[in-house]
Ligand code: GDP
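Listed next as structure tokens is one chain, alone, in the form predicted alone.
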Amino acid sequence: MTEAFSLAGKRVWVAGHAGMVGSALVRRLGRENCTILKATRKELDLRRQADVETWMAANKPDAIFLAAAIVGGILANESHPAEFLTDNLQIQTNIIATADKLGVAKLLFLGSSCIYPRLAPQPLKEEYLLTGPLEPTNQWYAVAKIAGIKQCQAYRRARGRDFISAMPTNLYGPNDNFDLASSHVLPALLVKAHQAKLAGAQELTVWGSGNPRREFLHVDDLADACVFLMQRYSADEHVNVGIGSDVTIRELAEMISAAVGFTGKFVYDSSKPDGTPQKLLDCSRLHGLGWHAGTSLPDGIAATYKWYLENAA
């Protein structure tokens, strides 16, 4: 089901505007004739319901992109399970419930592909949600994101609210987290390859076997897809957002080494966890609406490395 929703003249809140996804949404919304609303962490603690209600009542958003979340890789998820579950539940519940209370015209909730069962058939279709056990290494984050989808569905059914959900695959790009203690695989490998190149190292250790397959979407493509869905999609079911193809971690490492200029060899530490064996999204629903990603993985990695050198290294 599609339904036109114009952003022209609207007050649009990007919750989580300083993060990788939020900043990409701000860049993309700059091409729309709308007023972009932002709130820093100092200005607004999204975990406090009363504060969220006060801020939203004062700023009166017409539409919300809910990109605010506590995020991280396997190590971060396993080290901080309470924060990944509770903080994310608080953030999304406060915003979604207040959007209903204040009658916000439209809200898009951003989740993650980790919501799907660990051993679900590939590629992952939207209807596979809740059909099997989750991947243990990111279950806390996944449970919170599943709850967000159900919250949007509940408010649609109970109140007729136009709240929708988008589930992106693995993301990368400008403003990614390049901290090795909490980053995802692509930025972590990029930093490790950069440091190994500078040190003149002949070897670079990679967690796991290198065999798991992953799909990677440039964050600017995600932002474009989110604006597309906000304008054209209105239905109960969440929508997968991906590029439609995946690579092994070994292939990813080789692409990154080519972009960075690391000429040594990779050593795979099989004592470290692999995570889900494969995670490729079925994007038939989104493609059927007419949206496709525009950035190839090699081009996206090269652009991300350039951004890293100029802003984070």
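The shown structure was predicted, so the numbers you read here are calculated from the model rather than taken from an experiment. Numbers for residues come from their place in the sequence shown, where the first is 1.
There is another form of the same protein, the form predicted in complex with the ligand; it is not shown, and what comes next is about it.
Heavy atoms of no residue among Ala39, Gln90 and Asn94 are located within 4.5 Å of the ligand in the predicted complex.
Shown alone, this chain has one stretch from 79 to 87, 229 to 237, 154 to 162, 179 to 187 that lies within 4.5 Å of the ligand in the predicted complex by heavy atoms: 179 to 187. At least one heavy atom of Pro212 is located within 4.5 Å of the ligand in the predicted complex.
Interface membership of Glu32, defined by any non-hydrogen atom within 4.5 Å of the ligand in the predicted complex, is ruled out. At the 4.5 Å threshold, heavy atoms of Pro273 reach the ligand in the predicted complex.
Shown alone here, Lys279 lies within 4.5 Å of the ligand in the predicted complex, counting heavy atoms only. The contact residue chosen from Asn170, Gln195, Thr98, Asn175 relative to the ligand in the predicted complex is Asn170, the criterion being a non-hydrogen atom within 4.5 angstroms. Comment: the ligand is not present in this chain, but in the predicted complex one of Leu129, Ala201, Ala147, Val206 has a heavy atom within 4.5 Å of it, namely Val206. Shown without its partner, the chain has Ile249 as the single residue in segment 238 to 256 with a non-hydrogen atom within 4.5 angstroms of the ligand in the predicted complex.
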